[in-house]
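There is one chain below, alone, in structure tokens, taken in the form predicted on its own.
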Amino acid sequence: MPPRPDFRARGHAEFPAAVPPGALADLRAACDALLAEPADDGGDGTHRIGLGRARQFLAHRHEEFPAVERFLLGPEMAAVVEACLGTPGYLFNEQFVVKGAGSGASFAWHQDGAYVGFDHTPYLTVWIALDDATEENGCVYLLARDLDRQPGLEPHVWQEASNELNGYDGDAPGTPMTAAAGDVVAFSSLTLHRSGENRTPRPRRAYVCQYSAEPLLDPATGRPKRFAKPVGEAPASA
């Protein structure tokens, strides 16, 4: 099936209540289990983007939680990915993103593709609200992008003090993607986005999973960037 025209025209699409209650509970439980571990800024080089408890990226742990893996490769995510990419595609990256209570750090304007490190076909980021996402607790903001007219990456500059790339210095505030827990915001790896600070007394949890139309292979190794798991082929229940 072809991608949704509104996704191509805006660079993003919304899927209210796309995560069933049981899957939402599984994602929250996995996130909380990982939060119980010591905080780490995670990754290396341009992927070292955490800021301790203020901004945590709990990455690449889905195989430790069978219910989470089944969801990532199952029908709900397949439907979202196919609507945006035209194919169920492949899971290649996933991480929980948590902004700490009262001091949760913002995240600068960027395109996700700027973090890949090599030329690649644009992919899809699926942002899942595990808690209600508001402007007060650090929701995502998007700049609409016509993917057919603006197909490339913008220049990005590494910000040493805040552990992040910045790819936009303009004045546009972006559209706040407020969301209820269980809602999905899907956007292209070319779509500029940022997130605000968490100024509330509770953490703001989200789950970010990324899908490509074909396996995303690192040319230096010939191996998948992270994963290359076909969507729609979820592991059987234990």
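In this text, residue numbers run from 1 along the sequence as written. What you are looking at is a predicted structure, and each value in this text was computed from that prediction instead of being measured.
In what follows, reference is made to the form predicted together with a small molecule, a form of this protein that is not presented.
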Residue stretch of 71-79, 102-110, 84-92, 155-163 approaching the small molecule in the predicted bound form, non-hydrogen atom distance within 4.5 Å: 102-110
Among 67, 181, 34, 208, which has at least one heavy atom within 4.5 Å of the small molecule in the predicted bound form? 208
Complete contact of 12, 114 and 145 with the small molecule in the predicted bound form (any heavy atom, 4.5 Å): no
Can you work out whether residue 195 and the small molecule are in contact in the predicted bound form, taking contact to mean some heavy atom pair no more than 4.5 Å apart? yes
Taking heavy atoms and a 4.5 Å cut-off, does residue 124 contact the small molecule in the predicted bound form? no
